[in-house]
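So this one's two forms of a single chain, laid out as structure tokens and tagged structure 1 and structure 2.
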Structure 1
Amino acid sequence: MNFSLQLLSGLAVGCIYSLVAVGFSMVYRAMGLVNFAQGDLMMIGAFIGYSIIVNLPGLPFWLVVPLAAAITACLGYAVAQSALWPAMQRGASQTYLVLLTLGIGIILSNGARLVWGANPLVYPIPLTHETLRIWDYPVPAVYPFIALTMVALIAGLNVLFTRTWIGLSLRAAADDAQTASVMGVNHRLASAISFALAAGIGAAAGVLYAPITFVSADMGMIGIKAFAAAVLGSLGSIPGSVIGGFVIGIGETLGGQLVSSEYQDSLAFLLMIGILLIKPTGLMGRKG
């Protein structure tokens, strides 16, 4: 009983890590950029979700998720166009770009603190505290939403990347920007759309995570663990990010009992460093 409950909550948290990790991977593939603001975009998404719930009471939760995601995606698009693209075009170094995204993260998290306050906020909807019974197991009511969103988003991304014109252009630009631009793909637009999509997915993760815990300006720190997840599963690979998210989510909930809980934070990183030393390209990485 207890074991399956913990496995379930490990899976739920793993889903959140996975979604943020997918965002990392998409941006890395499209722009060759390690986006340290990804966690903070998730946090902003969660706060935007809060404002939507407070200002539009009665709006069903399954509409709050895409709405918050869309708004955050617009914010992400603006960030990519105004701050990131000029630097990339100048051929700025990887170090410079990482620092730039760190700076954007600081602005987002501290800006959120100024806008929404320093105290943690809780979504004022019944979903936050409800539990369902599935085969006699008590399950927090938000878990089915997490599972459904996860499946829908992964399926959606798969269709987007393989079946649509936008996706094919994004992939082309990600794989070889110069050839793609010869073929008429606008790398700037493709980059900004990738970044916006990643921001939207991160925001969805934030809105889904909020009912499990609460929303606060420092919740972007989850992004760092999600980053470890993305790296673990091989950065740039979307299936890898999903698997990496689950490994860290479940590893933390179950490993917390094996290893002393004082060192729970170290666990995710030691796991990541260990796996990378054995397999330097990550779990799903290709050789070479």
Structure 2
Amino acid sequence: MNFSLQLLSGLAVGCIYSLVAVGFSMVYRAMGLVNFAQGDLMMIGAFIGYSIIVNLPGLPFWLVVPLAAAITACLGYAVAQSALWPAMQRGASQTYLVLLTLGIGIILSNGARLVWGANPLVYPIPLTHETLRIWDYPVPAVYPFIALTMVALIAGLNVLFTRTWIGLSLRAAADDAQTASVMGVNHRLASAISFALAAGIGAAAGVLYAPITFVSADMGMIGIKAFAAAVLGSLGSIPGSVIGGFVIGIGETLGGQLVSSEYQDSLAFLLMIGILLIKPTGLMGRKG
């Protein structure tokens, strides 16, 4: 029974890692950029969700998630247009761009401390403390929300990228920017929209994760594991990011249970290294 509960926990955490990892892959595919501010955008989204709950206490939690995601997506759009794209236009190197995203993440983290304070905050909603009884064991009631939101977001992205003109334009700009621009696709706008979508998805993950733990300015550290999940699944692949998130989430949870929770983080990265040694291109990668 305990193994089953740990598996459920690993699946829930894996959903969070997967959503943030999807954001990494979307930005990488659209802009050729590793966005190390993705975890901090997740953190900002969680704080925005907290503010929404405090100021609109009667708002259902399932509405808090898309509202916080939309606000964070607007922030992501502004960051892409004002900071990242100008640097890319000037021909900035990948090293510079990575440092730029790290700097943006630090600014977001310190900004969160100024606005919301340095102390961790707990979502003031019943869902934070509610549990479900599974095999006579208590399980956080937020788990179904996490699973349903994960499925809805991935399904929504699939529809967006395969059935809508905007989604097809984003894919075209990501695959061949020059040809897409000839066809009338604005590469700068497409890149900014992709970055905004990634920020919104990360924010949704932050709002969903907050009831399990709490919200703090250090929450963005989850982005490191999510990046590992994206690399494990093949950076740039959305299906691979989802799979990688589940592998890392389940692996660290079960590994922490079998060995020790003190080594949980190390086990997650050891798992990633072991898989990449066998398949260097990632789980969804192809041999060049």
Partner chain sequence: MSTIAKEAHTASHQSTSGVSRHRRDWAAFAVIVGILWCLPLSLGGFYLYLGLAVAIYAISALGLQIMVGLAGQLSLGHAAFMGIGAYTSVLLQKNAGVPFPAALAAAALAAAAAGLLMAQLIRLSGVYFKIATFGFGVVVHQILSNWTALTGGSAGVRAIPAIGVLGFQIETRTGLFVCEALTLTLLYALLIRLSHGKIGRAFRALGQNEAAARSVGIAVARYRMMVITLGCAIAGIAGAYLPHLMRFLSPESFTWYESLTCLIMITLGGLGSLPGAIIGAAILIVAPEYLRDFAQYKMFAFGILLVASMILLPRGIAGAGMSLSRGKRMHAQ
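This structure is a prediction, so every number in the text was calculated from the model and none was measured. Each form is matched to the other, and the largest set of C-alpha atoms that superpose within 1.5 Å is called the rigid core. Residues are numbered by position in structure 1's sequence, first residue being 1.
Student: Please match the form predicted together with its partner chain to structure 1 or structure 2.
Tutor: Pick structure 1 here.
Student: I want to check Leu271: does it shift between structure 1 and structure 2 by 2 Å or more at the Cα, with the core superposed?
Tutor: Yes: Leu271 shifts by at least 2 Å between structure 1 and structure 2.
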